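So this first bit is one chain, no partners, the form predicted alone, shown in structure tokens.
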Amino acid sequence: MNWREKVLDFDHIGERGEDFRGLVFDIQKFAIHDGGGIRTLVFLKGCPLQCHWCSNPESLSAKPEVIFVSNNCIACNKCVDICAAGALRQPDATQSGLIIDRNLCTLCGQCAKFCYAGAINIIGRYLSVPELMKIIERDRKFYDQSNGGVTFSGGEPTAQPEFLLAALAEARRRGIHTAIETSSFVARDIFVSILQNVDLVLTDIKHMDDAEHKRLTGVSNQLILDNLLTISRLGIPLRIRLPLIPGLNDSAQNLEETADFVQQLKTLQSLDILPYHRLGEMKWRQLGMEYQLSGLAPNTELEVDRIGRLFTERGITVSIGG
């Protein structure tokens, strides 16, 4: 049974936050593009989408995993010697870099512990809600001074619905502004329960054509679009993000259909155009994965400005770059 099929008891989940542990792969402080003011950005691991352009491929798996940064490796062999599972070996003459058998790896973390060069690390750590809140509360004065707060991102934060809801409820109880960055690909009843503890939603529209959306992300867009309408009906402030991928979703037809849909959203604050970049490409290789858009060039500034005007001419507030 996967997380979308689970029947969750949401009634008292906020009171039982200490019972839940979430898999977090990063926490960024002083974020300023993810919900207003100065924020703490909490990245939860796991995502039901497999977007070809994902800049955080370490977020896709719902379990911890090994990442290898070859440029840091000094070939000391300490990781190979310490690995009791035999999952690591040095390359032969036809190979390069450390060879990792991820099927054998037990994620014990000994290799990362003994790698003083910082070439090998375990991505993902489990935190309870109180442990997470202790980190979030450290910057409380910055939230208060800037109208900031905490934003839960991913991966897909709703892929860990119990932990997310417990953390949101606790943040809300403490008077901290809450936001989520989500694909909105989540069962409606679960999503509505989560939204009750959210002050702002930031969510993507990746493609309006369902078949293309499936090809590019692995899932249908119907649930996503329905959930966006639900967010608006519930009166929750909403920012739409458009990841602009050259040749994949920047056609005139798709952009016009996106504008048509966005104009239905009564609580829309802005449409944020996110031009394509290749900053995450190296991480795909570090995780032993293939990046499918290698060599793709981003849109020019003129093209991005032209696309922005298409929306502003419809009366839609636009920002570029988040």
Partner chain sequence: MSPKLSLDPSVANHGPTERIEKIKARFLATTPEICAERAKLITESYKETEGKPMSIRRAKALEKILMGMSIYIEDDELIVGNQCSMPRSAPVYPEFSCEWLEAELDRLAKRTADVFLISEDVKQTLRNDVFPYWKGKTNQEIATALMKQEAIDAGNAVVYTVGNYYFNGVGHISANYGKVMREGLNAVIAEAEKAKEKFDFADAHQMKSLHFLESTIIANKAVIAFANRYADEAERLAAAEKDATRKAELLEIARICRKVPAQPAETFPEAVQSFWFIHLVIQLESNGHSISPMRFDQYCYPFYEASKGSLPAEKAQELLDLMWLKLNGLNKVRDENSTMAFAGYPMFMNIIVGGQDREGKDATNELSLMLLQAAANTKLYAPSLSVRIHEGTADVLYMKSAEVSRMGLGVPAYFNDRTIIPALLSRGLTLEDARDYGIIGCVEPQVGGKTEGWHDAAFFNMAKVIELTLNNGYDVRIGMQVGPQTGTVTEMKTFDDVMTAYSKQMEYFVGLMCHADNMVDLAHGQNVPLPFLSSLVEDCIGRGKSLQEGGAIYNFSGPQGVGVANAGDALTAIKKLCFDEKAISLPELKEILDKDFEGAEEIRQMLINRAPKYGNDDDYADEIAVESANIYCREVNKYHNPRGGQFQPGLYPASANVPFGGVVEATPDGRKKGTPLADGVSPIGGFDISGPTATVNSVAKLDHEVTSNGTLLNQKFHPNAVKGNEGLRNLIAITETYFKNGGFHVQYNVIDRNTLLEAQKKPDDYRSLVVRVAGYSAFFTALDKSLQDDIISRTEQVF
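Note that the coordinates shown come from a computational prediction; the quantities given were computed from them, not determined experimentally. Numbering follows the first chain given and starts at 1.
Omitted from view is the form predicted together with its partner chain, to which the following refers.
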Exercise. Within 4.5 Å of its partner chain in the predicted bound form: all of 78, 113 and 321, by heavy atom?
Worked result: yes
For this session: Report the stretch among 253 to 261, 60 to 68, 44 to 52, 280 to 288 that approaches its partner chain in the predicted bound form to within 4.5 Å, counting heavy atoms only.
Result: 280 to 288
For this session: Find the only residue in 90, 106, 146, 196 having a heavy atom within 4.5 Å of its partner chain in the predicted bound form.
Result: 146
Exercise. Tell me, which of 173, 138, 214, 188 has a heavy atom within 4.5 angstroms of its partner chain in the predicted bound form?
Worked result: 138
Exercise. Using heavy atoms and a 4.5 Å limit, would one call residue 313 a contact residue for its partner chain in the predicted bound form?
Worked result: no
For this session: Would you please decide whether residue 181 lies within 4.5 angstroms of its partner chain in the predicted bound form, comparing each non-hydrogen atom pair?
Result: yes
For this session: Considering only heavy atoms, tell me if residue 56 and its partner chain come within 4.5 Å of each other in the predicted bound form.
Result: yes
Exercise. Does residue 274 reach its partner chain in the predicted bound form if we count a contact as any heavy atom within 4.5 Å?
Worked result: yes
